[in-house]
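In the block that follows, a single chain appears as structure tokens, in the form predicted on its own.
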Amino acid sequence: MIFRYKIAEIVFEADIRYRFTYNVMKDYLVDDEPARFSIVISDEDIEKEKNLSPYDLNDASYESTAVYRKFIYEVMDKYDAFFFHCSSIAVDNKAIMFTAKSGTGKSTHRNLWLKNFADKVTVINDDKPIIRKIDGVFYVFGTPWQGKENFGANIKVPAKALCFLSRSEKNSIGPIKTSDVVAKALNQTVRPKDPRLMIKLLDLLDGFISQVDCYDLRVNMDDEAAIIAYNEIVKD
């Protein structure tokens, strides 16, 4: 069946076969706004996702991923938007993103912020938010693809800080050179094979990194890890 969705203020239609995909995306359903484009998932698209995935999943899961992938390329091309692998939170209506290799502890660090600053923190998306430039400003948007713990909200928050997270016995945070950030950031997004789209992505990343504060955040799993990060990032 064909359903209409609104993600990152972009309305589109998708032909959905499986209830699983419908349930994943249901919080983003709309019915009173015109769609800007349509997504149709073919058997070939699902087979392609099977070949790309390191996991043995069912076709419903692959359909959801195929919708996500097609949406990425469409919005990157026409709407100055890209997905970013991170855990993103809103503090005082400013978005803070924590990115790292899988298994480093992004979600654990997010939980420390919730534990210590619960009244100030809202989780935007714990895995794949979308970052979009609108009128020269980069915003972080919630998406249906929220990670294993399904943490997220359908909200829009101006981007403030990007933290590259790593594990350490001692907690520390410091600025990171802009020249060192692009390659690190590129590893945490979906890189298109189309050279034209790749140039577009690099341009968006360059603008995004120039606009936000970038940090090298080294943490253990103690409360202090969130506290020192909060004091540095939210200092103003």
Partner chain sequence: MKIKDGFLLRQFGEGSIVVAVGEGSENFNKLITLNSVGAFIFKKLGNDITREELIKSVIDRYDIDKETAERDTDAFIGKLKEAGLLDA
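Positions refer to the first chain, counted from 1. This one's a predicted model, so the numbers in the text were calculated from it and none came from an experiment.
Although not depicted, the form predicted in complex with its partner chain is the subject of the following passage.
Peer 1: Do Lys193 and its partner chain share at least one heavy atom pair within 4.5 Å in the predicted complex?
Peer 2: Close contact exists here: in the predicted complex, Lys193 approaches its partner chain to within 4.5 Å, heavy atoms only.
Peer 1: According to a 4.5 angstroms non-hydrogen atom cut-off, is Ile46 in contact with its partner chain in the predicted complex?
Peer 2: Result no; Ile46 lies far from its partner chain in the predicted complex.
Peer 1: Considering only heavy atoms, tell me if Leu29 and its partner chain come within 4.5 Å of each other in the predicted complex.
Peer 2: Answer no; every heavy atom of Leu29 is more than 4.5 Å from its partner chain in the predicted complex.
Peer 1: Residue-level question: is Asp59 within 4.5 Å of its partner chain in the predicted complex, judged on heavy atoms?
Peer 2: The answer is no: Asp59 has no heavy atom within 4.5 Å of its partner chain.
Peer 1: Work out which of the listed stretches, 30-38, 46-54, 181-189, 163-171, brings a heavy atom within 4.5 angstroms of its partner chain in the predicted complex.
Peer 2: In short, 181-189.
Peer 1: In the predicted complex, which residues of 132-158 put a heavy atom within 4.5 Å of its partner chain?
Peer 2: Contacting residues: none.
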